[in-house]
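Starting off, we have a lone chain in the form predicted alone, written out as structure tokens.
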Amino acid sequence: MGIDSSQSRVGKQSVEMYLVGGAVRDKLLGLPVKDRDWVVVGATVEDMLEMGFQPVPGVFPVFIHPQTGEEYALARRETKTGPGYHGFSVETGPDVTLEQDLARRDLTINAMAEDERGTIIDPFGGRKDLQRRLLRHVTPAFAEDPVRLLRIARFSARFSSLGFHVAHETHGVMKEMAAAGELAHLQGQRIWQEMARALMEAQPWRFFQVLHACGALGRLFPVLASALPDSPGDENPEEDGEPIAVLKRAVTGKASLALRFVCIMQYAVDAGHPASQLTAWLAVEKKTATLFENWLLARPLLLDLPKGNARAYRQYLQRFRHCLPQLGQLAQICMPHLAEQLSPLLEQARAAMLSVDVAELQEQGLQGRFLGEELRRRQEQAIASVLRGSGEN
């Protein structure tokens, strides 16, 4: 289906507008098109304003279509001027061609355009790479932006289930990028943006496997990299390593983003890389950071509970009372055999603990420290009854 001319021509007959990037790729793959991005060739900022487009505040000349609300960007060229993903100068203008704009994109499958007649413009062989299921870089300029390492890993997470894999020559470029130290210029927040999207894809473990294979994961998360095998276990899942196996169970269980983050990143911390340092660097939201730290505290306690007593159960339930459902989910994903034994017992112990009536104790004249001590004693007594009934004690 061609582009609606009412969206591609607002007034300037000399201006050409093309659907680009993911919308073209997903249409050719037969996937739902969620977002449509456009490139405008032959126009200036003044032309766009004259045609009624609304500018988007930011570095690049991007505009909002007055009727559709979709984003239209002026075609641009980029030149590397310094280290990192901010080290670029950008040039726009009526003389910038569509091919020059497409050349600055990361992968060939993202460097296609469609004109208003439905004709595909494909100067870098993206359509052929779709057929071959290849994730291949467009030009050597791929190596100039370290974010592209994260993006190709994210696209692996999205499209591996369709048979896509990183092209051999692209993998070589990625290894060179990781070794060159460009990753040191990445901000943690930018890493988290790509990781968060990857974690909700069909095969999020591929994000970490692809980064590990080229040496990038060791630069970003050395502790996690040390926990993974040198080669992914696609053909033999038993060789995945525990972190990947846990993340796969999280996907099977349709876990939330926060839970998936905890499932994989629990293997990225140690004494030299504490959880608080990691979450602050990545700038994850406070709720996710708190859940992460609570899980790291709860994990060893859960492992000890089978040989624990009523006091240990009460202390666990009291300490983590605000996040027990999430910790229960994490236990089922990360330690399923233990959770099968503990989960029903913890729920029964919690119900027994809550059955102790504080008001009744107050009516008996107990207050202050004496009330607290008697409440704890009766709660532990109720939990001990549950444990005896289950044969735990």
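Residues carry their position along the shown sequence, with the first being 1. Nothing here was measured: the structure is a model prediction, and the numbers come from that model.
A second form of this protein, the form predicted in complex with ligand CTP, is not displayed here; the remarks below concern that form.
Could you tell me if all three of D37, D145 and R158 have a heavy atom no more than 4.5 Å from ligand CTP in the model of the complex? Yes, the whole trio is in contact, each within 4.5 Å by some heavy atom.
Going by heavy atoms within 4.5 Å, which of 203-211, 117-125, 251-259, 104-112 lines up against ligand CTP in the model of the complex? Result for this chain: 104-112.
Residue (of R219, R154, R314, H137) lying close to ligand CTP in the model of the complex, criterion heavy atoms within 4.5 Å: In short, R154.
Interface residue in the model of the complex among K175, R197, R132, H185, criterion: non-hydrogen atom within 4.5 angstroms of ligand CTP: Exactly one listed residue reaches within 4.5 Å, namely R197.
Spell out, yes or no, whether the shortest heavy atom distance between G22 and ligand CTP in the model of the complex is within 4.5 Å. Answer yes; at least one heavy atom of G22 falls within 4.5 Å of ligand CTP in the model of the complex.
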